[in-house]
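In structure tokens, one chain follows: the form predicted alone.
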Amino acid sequence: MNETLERWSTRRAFILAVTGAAVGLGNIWRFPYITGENGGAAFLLLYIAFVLLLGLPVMMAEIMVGRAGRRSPVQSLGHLAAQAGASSRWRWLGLFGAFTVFCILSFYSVVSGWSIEFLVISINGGFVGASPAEIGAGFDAFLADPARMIFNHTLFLIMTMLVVSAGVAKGLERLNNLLMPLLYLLLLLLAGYAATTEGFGPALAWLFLPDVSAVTPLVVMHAMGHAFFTLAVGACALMAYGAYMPDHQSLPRAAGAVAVLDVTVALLAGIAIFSVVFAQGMDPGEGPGLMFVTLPIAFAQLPWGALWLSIFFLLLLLATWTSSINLAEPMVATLQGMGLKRGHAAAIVGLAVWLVGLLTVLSFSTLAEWRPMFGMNAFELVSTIPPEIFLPLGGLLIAIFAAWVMPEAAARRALGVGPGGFTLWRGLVRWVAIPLTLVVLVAGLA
């Protein structure tokens, strides 16, 4: 297949698209609870350091490969490997990435559907005046109701695939240009509201005054893993976006802007969430249930709680929507590379993801006791192994390909920097990012 003719229309459109890809459950759901479980500020500082040393260089590598190849991930890897005289098997990395995002999207769509359910309940004032026991029981009842879960899973996936089927300019770019500014506006509104609560000061102290004694090897490992996860690297999804990158845009500046915007979302979400949690005297280390149980309990006791909780779940829905589009794009691009029209490819991907997602839905009810591998049910398998093992493995291979295999001239052109900048980037990837990624992978396997 020849080079793709599609491009992001502006530099801003590319930055918003990649930011939309990176910002999602990792920032608004996973970051707050994993920060809560790992001691607050100590984890936060390590996370930011690893974004710079690990996440950002690998993200640049992945975008660079897509920009140099100007094809689907499978074809870009095969084309560049052929130029370098390397094995054609490198193209299988693109298929591995597509399989990874397929697994992730199958549970991502289900969990994102929860935000639809909770948004509707919040708008209707369903949490106002409810006791903690009632809110917890309501969440459990929702998980045990396959019909409601399937409806929300289906609705969210239709929202996602309709945008992807519309293409780069009319679909992905148009939606990101609308939703990303709205997402930041909602975040600022929530952070401004948090500043009026009694928990604002304690939340800032807990997030930004580190306790060195809280740093353990496990905290370091979690910070490394989350820095990798939050930037959406390792699945060739950003490689697909890089293929549409404008020719004259600075890749390092764009990637740096995405990293800053991504971390900003996590910080603002953390401030908003922990201010409310501390205002109600609740434990910030509540784990994954922090968003869907702890937050509704906390907001239910606050003035205008229904309004602010509705804004929060709208924010979550927008963030997961833009991320799910990023997850679907490389799969659709791969099928397009095989000759399918975009609309047909999107329909096939959507149907396949929907079917596999039913296993996640039923793992909370009918299939709760079905544990096919490693003592895990379907939801635990797809929400653990792909993010913690497949993504680091994909990121490791992408980094090796970009820094050691692909032709240096092509890499230099795609990166768009001078000799000194290229040497710095390649050294950082070869001797810092690759070893750290290997550590993340080994930790995931362990």
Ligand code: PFF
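As the structure is a computational prediction, the values presented were derived from the model and not from experiment. Heads up: residue numbers just count along the shown sequence, starting at 1. Between two forms, the rigid core is the largest collection of C-alphas that superpose within 1.5 Å.
Keep in mind that the form predicted together with the ligand is missing from the display, and what follows is about it.
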Looking at Val110, Ala346, Leu309, Ala232 here, can you tell me which has any non-hydrogen atom within 4.5 angstroms of the ligand in the predicted complex? Ala232
With the partner omitted here, the residue among Ser72, Ser122, Ser323, Thr360 that in the predicted complex has a heavy atom within 4.5 Å of the ligand is Ser323
Stretch from 249-257, 372-380, 100-108, 178-186 whose residues place a heavy atom within 4.5 Å of the ligand in the predicted complex: 100-108
The ligand contact at Gly26 in the predicted complex, heavy atom, 4.5 Å: yes
Interface membership of Ala237, the ligand in the predicted complex, 4.5 Å heavy atom rule: yes
4.5 Å heavy atom contact, Ala21 to the ligand in the predicted complex: yes
I'd like to check something about Ala223: if you look in the predicted complex, is any of its heavy atoms closer than or equal to 4.5 Å to a heavy atom of the ligand? no
Would you say whether Val263 is displaced between this form and the one not shown, judging by a C-alpha shift of 2 Å or more on the superposed rigid core? yes
Is the shift of Pro32 between this form and the one not shown large enough to count as movement, that is, does its C-alpha move by 2 Å or more after the core is superposed? yes
